[in-house]
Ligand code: ARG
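The chain below stands alone and is given in structure tokens; this is the form predicted alone.
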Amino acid sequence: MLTNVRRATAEFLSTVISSHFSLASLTTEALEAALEVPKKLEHGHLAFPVFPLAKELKKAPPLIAKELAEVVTKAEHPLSKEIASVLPAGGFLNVTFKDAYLQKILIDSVYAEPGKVGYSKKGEGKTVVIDYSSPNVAKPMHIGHLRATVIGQAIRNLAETQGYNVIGLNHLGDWGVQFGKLAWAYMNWGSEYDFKGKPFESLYALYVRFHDEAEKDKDLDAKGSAVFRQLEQGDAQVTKIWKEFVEISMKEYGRMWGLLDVSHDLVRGESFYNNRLKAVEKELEDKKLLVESEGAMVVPLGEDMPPCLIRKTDGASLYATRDLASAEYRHNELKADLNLYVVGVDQTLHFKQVFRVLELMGHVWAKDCHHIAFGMYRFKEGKMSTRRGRTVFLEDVIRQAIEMVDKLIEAKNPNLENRKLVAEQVGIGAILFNDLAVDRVRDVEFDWEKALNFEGDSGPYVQYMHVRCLSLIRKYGKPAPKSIAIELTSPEERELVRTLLNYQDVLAAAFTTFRPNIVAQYMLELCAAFSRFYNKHRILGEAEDVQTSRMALVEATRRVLEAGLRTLNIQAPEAM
């Protein structure tokens, strides 16, 4: 896409600069990185800031830009015939390409590899391990789990667009004293619940009951801790119960992930690292990093950060110990080149401490460990109708969204085929887009009216534009054209082509910064550009060459919309 044009332009400029100015210091790679995409089309398709040349040439940037424009205009190069204009603008060289050249590149790109529009090979040969969703056993997934789940899956999808081998990791919360408490509750009260018919509901009811009872009976916490010690020591009965809890929970979580089309490659719960913790502590001791503090063992981290607690006074390990063991496992055994943790912003200090300890341990790869923090969910008063106490359960949100869309379909298009499927695609898509359209570091306000607004900046709006493209293709009655017969030169057509060509750059920027909202915002921009084109120009019923060319542009838009939605893990309906 535009990446190919940027590369060709960088090679052209490199040749001209080295021959005319006798400068070899500015490499093709540096030139390619320096090229910018102007915000307005009238400023060209690409702009080269000449400021890096000013120091060596001892000339003012505007003079260099003017001289370079004259040289490029006269240069004999294969790319010269594809350039419409080269103009100096202050310290920039603005390059505009011929419409036919860009339109051919666009159409060739969207048909190049089916299902891989905008893909890159930047990450080829490298592995990304990404930890996302990762709920706690026995607890239902609530609305707070949505962000960790959908942001993580979207970043996983983005990594795949960049050519990485990706390992999605479920760091399941399956260890700790809470399992001793739950096992005690099961052994004493389990017969009162329907574990055969409603296993997960029964498990959660036990969890709630234990904590309610513990507020009245202060001895219960101690009893739960005693059972957990039995679990740590490998007691057969308690271990069997714990495994049943994990199995029951994983079935429930699998059902929820299935609704959201989310998947993991590996489940590596906290318990997985139990036999690795002593090795971590020994490594810390051998490197003289571990010191005693009030009976506990900690790693001091300097004046700017509290010490990292490794072992409590009672000898129990902590999250930090497990995360250190996990980081070493991901690097040493999973061969992670990038190690990503999609966890809420409230864990920022924890991960700073863990990464600092890894650095002190001498692990140079600590710089490739990243905490992908995200903000919290906020709800407008009165907008959420299904609440159980103080918790908003994820399934309630999903079901309510689907029901609301189904009612809209009933009112506007009751005879729609595959109505149930479309309601699911649009309802879930609305929830996901509402989250992913916001920069992950910000809190998200959940507003049903905004999320399900078909005309606003929403998931259903983007899905509707995809359906509109498909509708045009069906009316066209023939396979979508794979070439543009004539140059499309109107402002709306040129802007749409320019926007489509930017898609590959958008994917790269979104992954580099781990911000899926860059893709979501781009999708809204693309929908706006297509809408202006659609409303301004007649597409079907024009002269054959015009109709063919515009339909090629419609199909290119449809493919990019579908690819962008898929990257955000949102379905692209065929009808709405």
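Fair warning: this is a prediction, and the values are worked out from it, not measured in the lab. Don't overthink the numbering: it's just position in the shown sequence, from 1.
Keep in mind the form predicted in complex with ligand ARG is missing from the figure; the text below concerns it.
Note on the partner interface in the predicted complex: the residue among Gly118, Gly152, Pro135, Pro460 having a heavy atom within 4.5 angstroms of ligand ARG is Pro135. Checking His145, Lys181, Arg494, Arg468 against ligand ARG in the predicted complex, a heavy atom within 4.5 Å turns up for just one residue: His145.
Ligand ARG is not drawn, but in the predicted complex it has a heavy atom within 4.5 Å of Tyr341. Remark: Tyr111 does not count among the residues lining ligand ARG in the predicted complex, judged by a heavy atom distance of 4.5 Å or less.
Using a 4.5 angstroms threshold between heavy atoms, Arg156 stays clear of ligand ARG in the predicted complex. Among residues of the shown chain, Tyr329 is not one whose heavy atoms approach ligand ARG to within 4.5 Å in the predicted complex. Within 4.5 Å of ligand ARG in the predicted complex, a heavy atom is found for every one of Asp131, Tyr319 and Phe351. Here the chain stands alone, but in the predicted complex its contact with ligand ARG, taken as any heavy atom within 4.5 Å, falls in 168-176 among 408-416, 83-91, 440-448, 168-176.
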